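Just one chain follows, in the form predicted on its own, and it is written as structure tokens.
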Amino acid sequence: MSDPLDKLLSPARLNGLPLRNRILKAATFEGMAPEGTPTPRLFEFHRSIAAGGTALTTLAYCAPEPDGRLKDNYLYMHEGVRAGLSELSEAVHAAGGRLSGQIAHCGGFSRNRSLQRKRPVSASSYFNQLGALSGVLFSGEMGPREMDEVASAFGDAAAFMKSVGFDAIEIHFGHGYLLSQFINPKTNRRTDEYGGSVANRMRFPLRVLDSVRDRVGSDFPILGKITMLDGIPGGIELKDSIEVCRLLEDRGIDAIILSGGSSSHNPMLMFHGQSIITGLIEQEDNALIRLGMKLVGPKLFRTYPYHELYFLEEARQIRQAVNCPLVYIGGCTTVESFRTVMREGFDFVQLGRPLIRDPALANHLQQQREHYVNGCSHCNRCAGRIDHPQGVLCTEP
């Protein structure tokens, strides 16, 4: 195909799963399961993206166990949500799309006061800045029992999601969540076989991948989202991430999503554009936490001006280092950017804000091609609505 846009819009396969094109909806927290139960708004959100031509839409933040929730009203995988998730998968399939679910565990940065364990678990014990104002002061270092429990919970969650109609699973290895807390030398201060070198820090994340693979089978697609770099002194650097990708490839991952930043330490690196702190403050109902956000906001929510393909250079280096399918994410809204991503040898593109702005992006791109304009201004007001009663949506006219 002479035009890279034709590659983007042509059918593809992920492991054994046929996809109608190479456009994937990123796991952007929807805020549409406010009591831990899927709602009709959630069904319609993903149905509209599937109806708009996107090949695979991703349900964000499916916690594998109750303690994996950032807050105690977030969604986790258990029999009580079977009917709702089945309805979601049926809606997506009826619209011609495929459904993936992102399994994420918050680990040590938790605001969940309804814990089954004594405290949130992490790679190492540390003061929980995010949860402190909610009374969740410290994380606890995981021992063999907690590792067995959590690895099994990931596998159980994946098997459950497959049973209700999901077509793929995305494991969250990035953005400061539990598995990233093992990978990141800043949060992993262990001196045993799970700390030190990248290979050691990957031992537990790879156990989780093995657990998921064992439960879903060899022909079921498993994607992994990683942090290429988090922009934090002493944190994850690109050279570490290249080794992480090689280890995931060797372990049989079906595709790697190449992201950046950290929800707990440097969130704006993953977004770029206007800060999301204003929206977060507006939606926070705890006055003390609102004050804390105002005080730490300028330091935590750093300024990263938006530009197209802001992760391209880092992603390109990983493309040169591994052979498994790679998913580009990060500042891709224009026709020329889509062409560049395909021309650079990436297998898929994952989109968040552009699909929130235009759920029919794939169809519009197919119909309009050179004339397509997405319209997202990267104001990031959508991302600041994660706790809004109506959930995440585009606020621009």
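In this text, residue numbers run from 1 along the sequence as written. Bear in mind that the values here come from a model prediction, so they are computed numbers and not experimental data.
Here the subject shifts to the form predicted in complex with a small molecule, a form of this protein not shown in this document.
- Here the chain stands by itself, but in the model of the complex one stretch of 339 to 347, 26 to 34, 63 to 71, 357 to 365, 26 to 34, has heavy atoms within 4.5 Å of the small molecule.
- Residue 102 belongs to the set of residues with a heavy atom inside 4.5 Å of the small molecule in the model of the complex.
- Within this chain, residue 270 lines the site of the small molecule in the model of the complex, having a heavy atom no more than 4.5 Å away.
- Within 4.5 Å of some heavy atom of the small molecule in the model of the complex lies at least one heavy atom of residue 382.
- Although the partner is absent here, residue 392 lies within 4.5 Å of the small molecule in the model of the complex, judged by heavy atoms.
- Although the partner is absent from the chain shown here, 310, 331 and 351 each have a heavy atom within 4.5 Å of the small molecule in the model of the complex.
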